[in-house]
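Just the one chain here, laid out as structure tokens, in the form predicted on its own.
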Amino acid sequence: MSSTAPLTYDQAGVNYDLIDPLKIAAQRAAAATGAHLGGHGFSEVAASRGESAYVVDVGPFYLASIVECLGTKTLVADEMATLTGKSFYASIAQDTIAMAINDLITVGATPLVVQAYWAAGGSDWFGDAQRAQALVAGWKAACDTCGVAWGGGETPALAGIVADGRVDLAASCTGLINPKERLSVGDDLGPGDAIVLLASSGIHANGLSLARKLAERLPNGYLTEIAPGLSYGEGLLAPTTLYSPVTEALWKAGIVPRYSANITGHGWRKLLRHPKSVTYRIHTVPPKTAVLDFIQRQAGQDDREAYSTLNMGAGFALFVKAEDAERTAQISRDCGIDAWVAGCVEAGEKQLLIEPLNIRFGADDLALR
């Protein structure tokens, strides 16, 4: 561990205890608007309230939608461009799309259309041809990987709102759950189900405030070597894994997950997201990527703090019937994403037990659904 004082996510400027009450209030207000769909002849899937994507019943199929912001990962890309002369915006584009698509697929949806929101601090940002071309190329490449159409977007110049020389990136995604049997909101989740964890590529796009704060402590900052030939900045900028090829392959193989969780903010506590009172028992912990191991050690975080904040090597969780577990993991591997049958669901109180690390998270550790 680092000899300096431990660095927590709160100290990096992100306090979920302050953020989550607003989210909960917004969810309650939003729930009161669902009845408006009846005027159009549709209805919401009530169980999707509080899930990673919102689902509407439009008759022959379900419609799912999501909007997500990338966050502060662009600041790392900007600093690394200054230090190395390289553009990392193709990877940043994939990160942004992954934030939306990886949420959308948790409810069983096939992503269809992605929209872009690129808000810069001024028109000059768009004048950097290398950066702009990398963003466009990376955005299209991620769409190609996921088989989605890039429908359009918005490119405002917001001087005075977005800092000069910076950009705020976001994406929305719309998808179909067709046939309806693909809907996955945890209705059948229960004891006996298996937990399959899919590998992450690194920090993905959550925990960057902590990672940037840590860079200030390092003598060589983002250029600090964390593995042979790999700098801290390069490790942070590994593009977020796109998991929709796995979920599409599972459907083709006849496997419908009972439930899914995109492991982002709140780290492994996301495994507690469903409101059912069951125990999630983890017996196999995936290996950490080099950058996540480095962050934990240099920030002086114990395992409980690290796993409550970062993905720690697992970016997506699939809850499937026990008899489908090994095949689910193999299908993911066949798609190029490592996977592990990592645990099981048991009857009992709502808690997550990560047994190899002696960690317990209870219902109170994730107030937000």
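Numbering starts at 1 and runs along the sequence shown. What you are looking at is a predicted structure, and each value in this text was computed from that prediction instead of being measured. For clarity, a rigid core is taken as the largest C-alpha set superposing within 1.5 Å between two forms.
The protein also exists as the form predicted together with another copy of the chain; that form is not presented, and the subsequent description refers to it.
Asks: Answer for residue 166 alone: is it within 4.5 Å of another copy of the chain in the predicted bound form, judged on heavy atom distances?
Replies: Because a heavy atom of residue 166 falls inside 4.5 Å of another copy of the chain in the predicted bound form, the answer is yes.
Asks: May I ask you to check whether residue 321 falls inside a 4.5 Å heavy atom distance of another copy of the chain in the predicted bound form?
Replies: Result no; residue 321 lies far from another copy of the chain in the predicted bound form.
Asks: Can you work out whether residue 111 and another copy of the chain are in contact in the predicted bound form, taking contact to mean some heavy atom pair no more than 4.5 Å apart?
Replies: Result yes; residue 111 sits at the interface with another copy of the chain in the predicted bound form.
Asks: Wondering, does residue 245 line up within 4.5 Å of another copy of the chain in the predicted bound form on heavy atoms?
Replies: Looking in the predicted bound form, residue contacts with another copy of the chain do not include residue 245, since no heavy atom lies within 4.5 Å.
Asks: Given a 4.5 Å cut-off on heavy atoms, tell me which of 158 to 166, 184 to 192, 256 to 264, 221 to 229 is the interface stretch with another copy of the chain in the predicted bound form.
Replies: Going by heavy atoms within 4.5 Å, the stretch is 158 to 166.
Asks: Which pick from 217, 180, 276, 140 sits with a heavy atom within 4.5 Å of another copy of the chain in the predicted bound form?
Replies: Checking each option against another copy of the chain in the predicted bound form, the one that comes within 4.5 Å is 140.
Asks: Going by heavy atom distances of 4.5 angstroms or less, which of 80, 119, 237, 199 would be at the interface with another copy of the chain in the predicted bound form?
Replies: The option sitting close enough to the partner is 119.
Asks: Quick one: 241, 270 and 349 and another copy of the chain in the predicted bound form, is every residue within 4.5 Å by at least one heavy atom?
Replies: No, none of the three is in contact.
Asks: In sequence order, which positions of 121 to 145 have a non-hydrogen atom within 4.5 Å of another copy of the chain in the predicted bound form?
Replies: Read in sequence order, the residues that approach another copy of the chain (within 4.5 Å, in the predicted bound form) are 123, 124, 126, 127, 132, 133, 136, 140, 143, 144.
Asks: For residue 347, is the CA shift between this form and the one not shown at least 2 Å following rigid-core superposition?
Replies: The answer is no, as the C-alpha of residue 347 shifts between this form and the one not shown by less than 2 Å after core alignment.
Asks: Indicate whether residue 24 shows a C-alpha shift of 2 Å or more between this form and the one not shown, with the rigid core used for the fit.
Replies: After core superposition, the C-alpha of residue 24 moves 2 Å or more between this form and the one not shown.
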